[in-house]
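Let's start with one chain on its own, the form predicted alone, as structure tokens.
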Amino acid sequence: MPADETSSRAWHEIVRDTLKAHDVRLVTYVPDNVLRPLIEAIHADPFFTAFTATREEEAVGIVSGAWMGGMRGIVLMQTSGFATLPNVLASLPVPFQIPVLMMVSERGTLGEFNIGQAMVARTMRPALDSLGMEHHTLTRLDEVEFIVDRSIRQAVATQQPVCWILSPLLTGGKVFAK
């Protein structure tokens, strides 16, 4: 798609369209305000089957099972939810070569007030590195389609999970009242 067409779409529209192009039909998520535009766009499109999970670990298990059943899926969560995942990732998708796709809205940076969010933000990338998991931080609108597209291709080809971290530089982050 030409760059001028890409720039006229919001990040969540680009992600939705790229997921569709790769036949990623299942979307499990734990609700999050930053991810709300993507979640709403997915629910509005009959192509997708989308539902909330009670915990991020459950969502990873559902998407892993879907892959084994022949369906591609993605898990959506915020940074704090990622803190519960290293054991699950090390026990299921990484060793069993399941290309679980994960998208994490980043909190804990750029003016964050919640110390818990800040702690997880500092440890998320090192945890992903320790697991040998591919991960990319999405900061610019003009890179979203390329990175998501190529990462899905790589995850499926190598049968390894991938994680996209949505920077507040891209999404605007969570707005805090004074």
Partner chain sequence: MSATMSNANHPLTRDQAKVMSRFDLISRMVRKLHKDEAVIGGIGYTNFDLWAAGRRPQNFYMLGSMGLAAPIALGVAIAQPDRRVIGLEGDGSILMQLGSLATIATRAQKNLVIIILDNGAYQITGGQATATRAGTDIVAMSRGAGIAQSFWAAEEGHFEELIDRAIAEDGPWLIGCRIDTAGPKETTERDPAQIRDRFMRGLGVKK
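Owing to the predicted nature of the structure, the values given are computational and were not obtained by experimental measurement. Residue numbers count along the first chain shown, from 1.
A second form of this protein, the form predicted together with its partner chain, is not displayed here; the remarks below concern that form.
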item	value
Heavy atom distance at most 4.5 Å to its partner chain in the predicted bound form, all of Val100, Glu134 and Leu166	no
Contact residue in the predicted bound form, chosen from Asn114, Thr109, Thr123, Thr52 - any heavy atom within 4.5 Å of its partner chain	Thr52
Heavy atom within 4.5 Å of its partner chain in the predicted bound form - residue from Leu128, Ile152, Leu35, Ala66	Ala66
4.5 Å heavy atom contact, Met71 and its partner chain in the predicted bound form	yes
Close approach of Glu57 to its partner chain in the predicted bound form, 4.5 Å, heavy atom	yes
Ile39, heavy atom within 4.5 angstroms of its partner chain in the predicted bound form	no
Leu26: touches its partner chain in the predicted bound form, heavy atom cutoff 4.5 angstroms	yes
